[in-house]
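Before any questions on how it binds or moves, here is one chain, the form predicted alone, in C-alpha cells.
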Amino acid sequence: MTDTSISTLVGHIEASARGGIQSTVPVLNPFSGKRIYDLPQLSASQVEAAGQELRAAQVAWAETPAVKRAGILLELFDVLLKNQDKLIDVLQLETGKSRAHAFEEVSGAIQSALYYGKKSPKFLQREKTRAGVPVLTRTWVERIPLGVIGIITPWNYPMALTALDVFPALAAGNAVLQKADNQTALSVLILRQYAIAAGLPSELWTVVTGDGVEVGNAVTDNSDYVAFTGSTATGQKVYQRAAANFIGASLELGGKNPMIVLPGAKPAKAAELAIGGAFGSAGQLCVSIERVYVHDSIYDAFVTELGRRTEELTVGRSGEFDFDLGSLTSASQLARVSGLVDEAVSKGAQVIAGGKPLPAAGPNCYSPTVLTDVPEDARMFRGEVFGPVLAVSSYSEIEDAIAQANDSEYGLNASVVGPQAEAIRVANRLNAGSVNVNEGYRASFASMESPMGGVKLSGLGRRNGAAGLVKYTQTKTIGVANSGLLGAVIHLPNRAREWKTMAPLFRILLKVLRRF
C-alpha cells in the first residue's frame, strides 16, 4: 500500500478532528516491526462534535426508503468483490494474518454486504398485528432507526466485525460513529471508502481513533446504541456506561471455547478439525477453540496425530497461499501468549508441539502449540489465551466432559466431534451461544442467517440474521380507530352509558377470541 493511498484514507480522520490533530501514534507492521505510518489521535470533544454532525445527517437517511439503502449495500458488494485482493493486502499489512486467514475474513465482510443488501427491506417492513378490538381498530408495528450507532471494533477481525455491525446499522437507517483500533484503522477506513464509492453519503459514517478509554467513552456518550467487541473486562465497563446513559448495548466478549471429541470419532480427522478450530488467524479469534476434551479410548492416538500435524504447520509472511499461519499482531500479543505458555509449562504442563517464539519467521511469530496436563493453577487453564495454543485433556464419561466444558465463566462457542446424532445430543447440552458439530467454528460463524453471540461473560445480544439488524431499531406501534360509516355507527366507548351497552358485546368478543 502506497504512502499516498494511506494518506488519503487517514485524511478522513484528520477531517473529523475539529480543532486539528494534537497527537499521533506510530502503527507498526506486525511482520517487520517497522513503522507503517502515524495515526491521528482524537480527543473526546472532537468525537462529540463528530457525533453531532452525524445526528444532523441521519435525519434524511432515515427517510430514505429501505430498498434504496439496501441497493447501496448491493452495489458495495460488487465493489468489494472487485477489490477483494486489495482488501486482503491491507488486512495482512495491519494484522500479520496469513493469506488464507485474511481471505476468510474479507470474504465474511463481503458476505455481510450481500446479505443485508438482499434482506434488510424485509426485516424493516411494516408488521401487521392483531387488533385488540377487531373491526373497530387496526394496528401495525414500524421499525424506526435509533439515530447514531456507536460501534467499537477490535484489532483482530477489523474488516469482518466492521461489516457485520456497520452495514446492518446503516441499512436500518442509522448513522454510524465507529472507533477503530489504532492498529487496524486502515482496514476500517478502506471499507468506508468503498462504501462511499458505492453511493453511501459520506456524512453518515465517521471513523475515529484515539485513546481506548477517552475515545471509547466519548463514542458511547454520543450514541443512541453501542455495539462493542473486545475483552470481557472492557465490555463490562462499556455496558455500565451505556446503562448510565439509558441506551441499549450489544457485546461480543471473550471466550474459552471447548471441543469435545467423542469415543466414536476418528483421531486423525478429529485432530485436523481441532487444528482448523484452534489456529485460525493464529488463534486471535474470539470463537477459536482453546481446550479439547478427548475420550480415553482415543486420547493417545489423538494427541499423537495432533502433535504431528501441528508440527507440520508452516508460519510465515506471503502475499500468496504459502503459509498455514501468519504472525501475531503485536509485540504485546507475543508477550502475552509466551507468558501464559511458559507459566503453564513451569507448573507442569507438557509441550506436545510448538511452545516457542519463531523470530526467524517474524518478530511477533509464535509456533502453533499443543499442551497437555495444564494444571488448574495456571492462568491459561481458565483464562483466554487468544493465540495459537491448544490444551488437551482426557475424560472417561461423557457427563464429565460436558461438565468440564461448561465449567467456565465464558460461553461463546463450542464444538463436538464424533458420530453426528450423538454429537448433536451433546451440543444441545453445552452452554454456549453457538455450537459446531464436526467443525470448530465455521459451520455456525459463516452463516449470515444465524444469530451469533455469547452467554455468561461472553456477551449480550446477537449479530447476524434479522437480530443483527433489528437491534439497531426501535418498534413503534400505530393503532387506528376505524372511521367512515362504520365508525359513525359504532365506536369504542368513552362514557359510562356507552360501556353499559358495549360491555356484554366485549364479553362475547373475548369468548370468540379464545377460539382463535
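Please read these numbers as outputs of a predicted model, since none were measured by experiment. Quick note: we count residues from 1 along the sequence shown, nothing fancier.
Heads up, the form predicted in complex with a small molecule isn't pictured, but that's what we're talking about next.
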Candidate from N438, T372, S444, N217 lying within 4.5 Å of the small molecule in the predicted complex - any heavy atom: N217
Heavy atom within 4.5 Å of the small molecule in the predicted complex - the one residue of L200, V79, A378, V238 that qualifies: V238
is_contact(G212, the small molecule) in the predicted complex, heavy atom dist at most 4.5 Å: yes
Close approach of N156 to the small molecule in the predicted complex, 4.5 Å, heavy atom: yes
Any non-hydrogen atom of F228 within 4.5 angstroms of the small molecule in the predicted complex: yes
In the predicted complex, E384 touching the small molecule (heavy atom, 4.5 Å): yes
Residues D181, L412 and R463 all lining the small molecule in the predicted complex, heavy atom within 4.5 Å: yes
Per-stretch contact check against the small molecule in the predicted complex, the hit in 121 to 129, 429 to 437, 274 to 282, 245 to 253 (non-hydrogen atom, 4.5 angstroms): 245 to 253
